[in-house]
Ligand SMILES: Nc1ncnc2c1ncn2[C@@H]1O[C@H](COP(=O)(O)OP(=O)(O)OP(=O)(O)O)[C@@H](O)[C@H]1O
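Take a look at this single chain, the form predicted on its own, given in structure tokens.
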Amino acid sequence: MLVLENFNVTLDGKHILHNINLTIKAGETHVLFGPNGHGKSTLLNAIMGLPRYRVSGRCCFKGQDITSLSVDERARLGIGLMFQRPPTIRGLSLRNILKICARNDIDIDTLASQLKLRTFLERDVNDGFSGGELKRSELLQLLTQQPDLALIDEPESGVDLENIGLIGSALNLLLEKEKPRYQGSDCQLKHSRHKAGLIITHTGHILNFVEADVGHVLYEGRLACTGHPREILAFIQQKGYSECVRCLV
């Protein structure tokens, strides 16, 4: 699904990511740990092709080199990004952006009800939304887009305990880990787990709700180690990132 080869990223003249090599297969969910400021969001933004980021190396999606493609071209191919801090878009309703995102004939009202956002559909995108509402709005947009690769930036950040389970359920639906509960022509998700995900987590709480296949630690702009997500998280909680990198690399 995704292959990064010697992937380097520079932002505003500063070298952020160094020689990242990463492979995510179809149907896999990977989780990315790392301290704040070490390049996790930069990695997702660069894969999505945001124009501020200068990259070298190769980024291949479903066998195609997309390194030089624009954001909209990558989105049309099937990559979706859930921002950690999404922008407010005044003058555009949530319902209308969902219509723009939708790849198939999806029942927007039913899906919004599942995420407790039915009453938000006529409001401007993210205008006055709380932290949990922002996350659910982002996930609702991704669920209508149905990307083959979902890039998820800290889904539990700013979400209270009551809503984190709802976020987890939406992620499981997005990543084909549970059956869809909405109807619509040609909108049934495949249950063979074709869709892949790369989830950034700072606390690891999301692993209580979404099962991940592979874990990585991004430290000082480098992928320092790879292993079982829960084992890595337990070691980080006990020893910290620097000791994790020293022992597991």
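Quick note: we count residues from 1 along the sequence shown, nothing fancier. Because the structure is predicted, anything quoted here is derived from the model rather than measured.
Although it is not shown, the form predicted in complex with the named molecule is what the next lines describe.
Look at 39 to 47, 23 to 31, 205 to 213, 62 to 70: in the model of the complex, residues with non-hydrogen atoms within 4.5 angstroms of the named molecule sit in 39 to 47. The closest non-hydrogen atom of Ala234 lies beyond 4.5 Å of the named molecule in the model of the complex. Proximity of Pro35 to the named molecule in the model of the complex falls within the 4.5 Å heavy atom cutoff. Using a 4.5 angstroms limit between non-hydrogen atoms, Lys14 touches the named molecule in the model of the complex. When the named molecule is considered in the model of the complex, Gln84 lines it closely, a heavy atom lying within 4.5 Å.
For the partner-free chain shown, just Glu154 of 142 to 161 comes within 4.5 angstroms of the named molecule in the model of the complex, judged by any non-hydrogen atom.
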